[in-house]
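Form predicted on its own, single chain, as structure tokens, below.
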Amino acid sequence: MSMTISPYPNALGAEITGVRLSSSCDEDIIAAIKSALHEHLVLVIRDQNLDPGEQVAFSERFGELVVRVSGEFLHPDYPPVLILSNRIVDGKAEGATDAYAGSHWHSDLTYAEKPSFGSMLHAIEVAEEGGDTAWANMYAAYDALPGDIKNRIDGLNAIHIRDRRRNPRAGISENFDRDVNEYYDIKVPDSVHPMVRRHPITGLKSLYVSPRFTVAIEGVDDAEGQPLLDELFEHQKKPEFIFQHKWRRGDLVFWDNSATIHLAVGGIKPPGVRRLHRTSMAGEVPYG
């Protein structure tokens, strides 16, 4: 069996078949996956059956893993694994739902000084209807900006925060089923990143803001900065930049956080259950 990489006819994304992922994959396979990731930004690797420990071990082939600052929803035996699930156990979701993760366009962990370079989601259970995930290409979004907007944002930095209570665009969902204050009182410093980021491997420019984490432009009055952010947020989710994935059990999706944003589309029809396991690799301090 040989690995096949088939690009999607969208703004980004490729499907990989014919490979069994594990921590013992040879270096040629790892190198091919890395190369495909830098080219296509989102890889859908079909028909995988990784237990949490195997996913951790495979993910570590691409870098040091990040453990979320909140202990909620982490796998009890493998803390680098974040459980995403809408199954209700004792009146609460057993994993992070859209109310906690993914309900607004974002790139993972940009509130950190060193945001995540890449993330993997492994589909353990999927719902028959709903539960898609969408990704948008931020190379393409930046390239498509009018010249005057490019000139305005090149060299500017934006402020990113974790706390939804301080972000009117995200806010607290009515489906948030934990103690909101306990969840967001964890002390996490805000971060400041270039609005236009150069990719650490390709060197290409991407638009590096998102409505989930970006709340202001450093040194720019809100009267000017907030309308500009709103314009950028509308621009970056145009259909021509987006690939939407319908999950199949066994899918492992690996994406590049440096040049994409993503969204949990939602719409799972009861009694459908979706359970995904996420691992994230540490990245570098973004630069423009």
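What you see is a predicted model, and the numbers here were worked out from it, not measured in a lab. The first residue of the shown sequence is 1; numbering continues from there.
Although it is not shown, the form predicted together with ligand OGA is what the next lines describe.
Participant: I need to confirm a contact call. Of 102, 80, 211, 194, which residue comes within 4.5 Å of ligand OGA in the predicted bound form, counting heavy atoms only?
Facilitator: Only one listed residue qualifies here, and that residue is 102.
Participant: Only one of 106, 75, 164, 205 gets a heavy atom within 4.5 Å of ligand OGA in the predicted bound form. Which one?
Facilitator: None of the other options qualify; the answer is 106.
Participant: Given a 4.5 Å cut-off on heavy atoms, tell me which of 44-52, 229-237, 22-30, 256-264 is the interface stretch with ligand OGA in the predicted bound form.
Facilitator: Comparing against ligand OGA in the predicted bound form, the contact stretch is 256-264.
Participant: At the 4.5 Å heavy atom threshold, is residue 170 in contact with ligand OGA in the predicted bound form?
Facilitator: Contact check for residue 170: no, nothing within 4.5 Å of ligand OGA in the predicted bound form.
Participant: Residue-level contact is defined here as any heavy atom of the residue lying within 4.5 Å of ligand OGA in the predicted bound form; does residue 132 satisfy this criterion?
Facilitator: Residue-level check for residue 132: yes, a contact with ligand OGA.
Participant: Does at least one non-hydrogen atom of residue 112 fall within 4.5 angstroms of ligand OGA in the predicted bound form?
Facilitator: No.
Participant: Is there a heavy atom of residue 276 no more than 4.5 Å from a heavy atom of ligand OGA in the predicted bound form?
Facilitator: Yes - in the predicted bound form, heavy atoms of residue 276 and ligand OGA come within 4.5 Å of each other.
Participant: Pick out the residues of 67-91 whose heavy atoms come within 4.5 Å of ligand OGA in the predicted bound form.
Facilitator: If the 4.5 Å heavy-atom criterion is applied to ligand OGA in the predicted bound form, 67-91 yields only 84.
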